[in-house]
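The structure tokens that follow cover one protein chain in two forms, given apart as structure 1 and structure 2.
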Structure 1
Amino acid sequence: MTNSTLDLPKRPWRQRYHVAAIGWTLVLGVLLVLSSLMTGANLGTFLSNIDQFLALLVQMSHPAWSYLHVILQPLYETIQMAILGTTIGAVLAVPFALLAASNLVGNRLLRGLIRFFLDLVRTLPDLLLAAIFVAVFGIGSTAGVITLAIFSFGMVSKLFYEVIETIDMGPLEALKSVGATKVTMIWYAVLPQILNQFVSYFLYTLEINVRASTVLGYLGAGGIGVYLQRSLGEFNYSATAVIILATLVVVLVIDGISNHLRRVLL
């Protein structure tokens, strides 16, 4: 056996010394420092006031369970808002997602217009939408439902058409070869392949909307957020803890349902 057969290929010096990884780490560090300077974020300020944060946690560590009966109805309203808004937005997202998928729609102009519209919808912050609809419809859950529906529409449509673009085109081509209509092809070849992802995205959006509807209450969009704002304004942190724990329970229940349905559908 000669020495040439024992020679191992040598890696370039950039790989031996991990130049790329070190370089990107330094760039990220510089960007973080510059961002901190430009935004005025100061870690020292946070550390110097951490005793106040700990004092707040101590007050919240004793939840006022007697406040629970006060927030049950608003919490129920929050769940209703999230379910209605998510359902309306997800149903409206289906046709737009189908039109935005490149493997289903060959017209680039139509597909580009649909995607531009979806990008525009996702650009609008939900708090801005809530403020607008509260001004239009008044204080109440109607503004919150419409806000959550628009948010869900923009989010689900984006996730949905990306999933559609990854489907197996074999069933579609088979149905097309026997003269099936577009609706038949979508119903029997597209929807069965994406049903489990659609349910997963729907429940994920519902979970987000439960939390979002809590914040929307600050603007008068209904739900438990009104009581959260009231408890914080009155420095009643024990009541705030009950609201947070109640919202957490709802989110955990939705997450459990999502995991169960995912196992069943898969």
Structure 2
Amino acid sequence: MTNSTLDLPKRPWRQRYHVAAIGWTLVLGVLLVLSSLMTGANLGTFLSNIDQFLALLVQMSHPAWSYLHVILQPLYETIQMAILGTTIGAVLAVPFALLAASNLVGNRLLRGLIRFFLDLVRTLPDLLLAAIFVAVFGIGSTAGVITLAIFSFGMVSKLFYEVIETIDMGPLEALKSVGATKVTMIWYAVLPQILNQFVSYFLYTLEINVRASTVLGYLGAGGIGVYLQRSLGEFNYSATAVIILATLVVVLVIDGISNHLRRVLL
């Protein structure tokens, strides 16, 4: 031992043998092995079937443009579903967001219950909701609109109450001091502060819903997804390619408009 090592601090054995790093690597490794076994994933299967996959890609790289006029109407329907679904969801979300905001609602139990309910709603994936609502309402865009409404309700309500929690409480106290009711306070002191953010999040949710609504039809919930399912079922991949490309254009256009509006707003 040289002199200088004597000055060194003692490392606890956890640090000395890198217990945390080795532990995490082991956990990760075990999980990887287990999940590969469980899913039967191996590169060999994929590579030995790659010719089929490539054949599919080749078919898709020759889009059947004549199919375009068939899908224009369902494309419109997709956007319409997204707009209505998002609007219904966002309107429903406002009262829940107000009740879930910690700076407006003092009652912790009520707030906790509301938040738990919102958490529950958010656990459900969009396609799962679509499958259920198609069973309830039958095949068609109604199921799609309701699915999107519930899906966006869960998403928007969280975004909204997080915005509400950041507002400046000054105007609120001013109104309170002159004896305003809760509703008046929310109307005159809360909403003006958050309106722009609300609209921005609304548009953001709309973007996500346009993406989501393109596949809902796969389970019968209206829109372009119906044709997606049909073309895939008929192995008509050149039609599938047109649908995907058209969807892509719609999504990008809506994203562009929405991004522009959000920039103007904020």
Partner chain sequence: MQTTLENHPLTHHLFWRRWHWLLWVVVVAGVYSWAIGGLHFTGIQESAGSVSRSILHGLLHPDWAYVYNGSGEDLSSLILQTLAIAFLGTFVSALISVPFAFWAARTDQHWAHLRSGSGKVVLTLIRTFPEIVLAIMFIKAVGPGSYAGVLAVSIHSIGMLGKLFSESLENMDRGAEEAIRSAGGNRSEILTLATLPTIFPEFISYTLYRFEIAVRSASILGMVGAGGIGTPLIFAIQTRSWSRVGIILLGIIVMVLAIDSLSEQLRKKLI
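Rigid core: the largest C-alpha set superposing within 1.5 Å between the two forms. None of these values were measured; they are calculated from a predicted model. By convention here, residues take numbers in order along the sequence of structure 1, the first being 1.
The form predicted on its own corresponds to structure 1, not structure 2. The Cα shift for residue 63 between structures 1 and 2, taken after rigid core superposition, is 2 angstroms or larger. Core-superposed comparison between structures 1 and 2: the Cα of residue 239 travels 2 Å or more.
Once the rigid core is used as the reference frame, the Cα position of residue 228 differs between structures 1 and 2 by 2 Å or more. Taking the core as reference, the Cα of residue 248 moves 3.4 angstrom between structures 1 and 2. Superposing the rigid core and comparing between structures 1 and 2 gives a CA shift of 6.0 Å at residue 39.
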